[in-house]
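Only one chain comes next, encoded as structure tokens, the form predicted on its own.
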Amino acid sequence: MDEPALFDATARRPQPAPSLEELAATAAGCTNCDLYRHATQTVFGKGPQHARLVIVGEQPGDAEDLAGEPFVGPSGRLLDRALVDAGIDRGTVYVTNAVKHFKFTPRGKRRIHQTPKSEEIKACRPWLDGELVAVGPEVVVALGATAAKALLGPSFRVSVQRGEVFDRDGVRYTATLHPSALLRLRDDERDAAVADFTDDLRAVAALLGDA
């Protein structure tokens, strides 16, 4: 008669996914690319641990770099208003960025935003992946081309595929413009563009209602 197999008490057991707090603490010392050298600090995501909706932007701006929180500057205020108009409570949303350090070029006393390179986005990807695992959202919205390409692939075009919904492992992904793009429009164009942006967020609210 064969001997029964013995339980191997030394075998490695699956480790639980890090919490948002653990991820943020580790990311605070991130040196995966050179952006940390000039930024004030790592700007990690913020919101409920188990939010149903995650919104992902490109990178922190000047105000976010100084405050250490995402979407607190002009783009964040526009996003807040649009969320309210779309019937989404900002306090229930986890907001973050594809890149966690502010990339800029000095111009006098101002710091002018620069678009992150693909290698910088790739260097930050473990933090974004960790956030999505920790939160476990039902819907993820990418704001702008950088976030959309990071989440949906390099061939994704917001101008063409805006509002399309993609299901990946039970999570629904969609993309729209970044609020900063709306702020750069002329006054006579901005109102209509903001209305369209708000309609995109209303569609997101409908996705959450269907879940």
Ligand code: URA
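Just so you know, these numbers come straight off a predicted model, no measurement behind them. All residue numbers are counted from 1 along the displayed sequence.
The form predicted in complex with this ligand is left out here; the points below concern that form.
Next item on the list: Verify the contact flag for residue 59: yes if a non-hydrogen atom of it lies within 4.5 Å of a non-hydrogen atom of this ligand in the model of the complex, no if not.
Entry: Flag for residue 59 set to yes.
Check: Quick one: does residue 71 come within 4.5 Å of this ligand in the model of the complex, counting heavy atoms only?
Finding: Residue 71: yes, in contact with this ligand in the model of the complex.
Check: Taking heavy atoms only, is residue 178 within 4.5 angstroms of this ligand in the model of the complex?
Finding: Heavy-atom contact with this ligand at 4.5 Å: present for residue 178.
Check: Looking at 152 to 160, 60 to 68, 24 to 32, 166 to 174, which lies within 4.5 angstroms of this ligand in the model of the complex, counting heavy atoms?
Finding: Going through the listed ranges, the match is 60 to 68.
Notebook entry, point to check: Which residues, if any, of 20 to 55 lie within 4.5 Å of this ligand in the model of the complex when only heavy atoms count?
Noted result: Not one residue comes within 4.5 Å of the partner.
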